[in-house]
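There is one chain below, alone, in structure tokens, taken in the form predicted on its own.
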């Protein structure tokens, strides 16, 4: 079974959250016709999208054309809204989680769902995580790289990671605003092209040096976009641990040992990059991911994996077996 672990979905419509909860930055969807719409954040343009972002039937057409059996559905990062008042943020997350669960319920053979939670408040995030897992049946949660302005090594987030472990919920980490160095990336679409890989590398390094994986080795965590720049900076991180007392005081083993507990999607935009990722972490830790339906993703993730020239067993692991382990027993 071929599973695309990295795809995004929004509801076709939702109520005016600004009118209900106040605040001018809530995403809203402005439809132009049956197939085109614009995501606005308050009065600011964010992104034009098509019905691929909200219509499961349109999505299934593309999946069948590309030979993909199942997609994991998650919100695009603009929908995290970690800036919001916590209770409003929880209601916002609940609306999205119920929508994703409804899409999965209508066609569980073709879709799996990822929740979102209001990580600006750890207690409410855990409450929503439990609801998503125990009531809605979602087996994964998507979070940002710096949720609510906190780094992944922040002690305030550790109870959330503990809850993910205890509830057997996999964690999918996607770069989101704020991004490291964002003030230098105003031109050339650099927040997504350059900012996302750098942000992801920093987030993984924080997770490792923060001893989260040392304390929770059973936690299943996947980073989007092939881990961004992290695979190519891991050697430097490892060297830093070997020569610097700050790093040695933080974790007992070299960073590479913890990095090999992680999962990554295959969205590396290059066959050699993908082979490097698999060589470093193993095929069992790399999952097919496309970033469907957005333009910085892969238009044909199956073909992209094929271009890397893997043997059949490796390709089978990347295309589906790793996702089955990541999402949990019976999920695929």
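Numbering follows the first chain given and starts at 1. This is a predicted model, so every value here is computed, not measured.
Missing here is the form predicted together with another copy of the chain; even so, the following discussion is about that form.
Every residue in the set 269, 272 and 295 has a non-hydrogen atom no more than 4.5 Å from another copy of the chain in the predicted complex. This chain appears without its partner; in the predicted complex, the one residue of 109, 252, 193, 156 with a heavy atom within 4.5 Å of another copy of the chain is 193.
Contact annotation for residue 228: at least one heavy atom lies within 4.5 Å of another copy of the chain in the predicted complex.
The closest heavy atom approach of residue 181 to another copy of the chain in the predicted complex falls within 4.5 Å. Not displayed here, another copy of the chain is kept clear of residue 43 by more than 4.5 Å at the level of heavy atoms in the predicted complex. Put simply, residue 122 is far from another copy of the chain in the predicted complex: not one heavy atom of it is within 4.5 Å. Residues with any non-hydrogen atom within 4.5 angstroms of another copy of the chain in the predicted complex fall in just one of 97 to 105, 204 to 212, 113 to 121, 127 to 135: 204 to 212. In the predicted complex, another copy of the chain lies within 4.5 angstroms of at least one heavy atom of each of the following residues of 118 to 155: 146, 151, 153, in sequence order.
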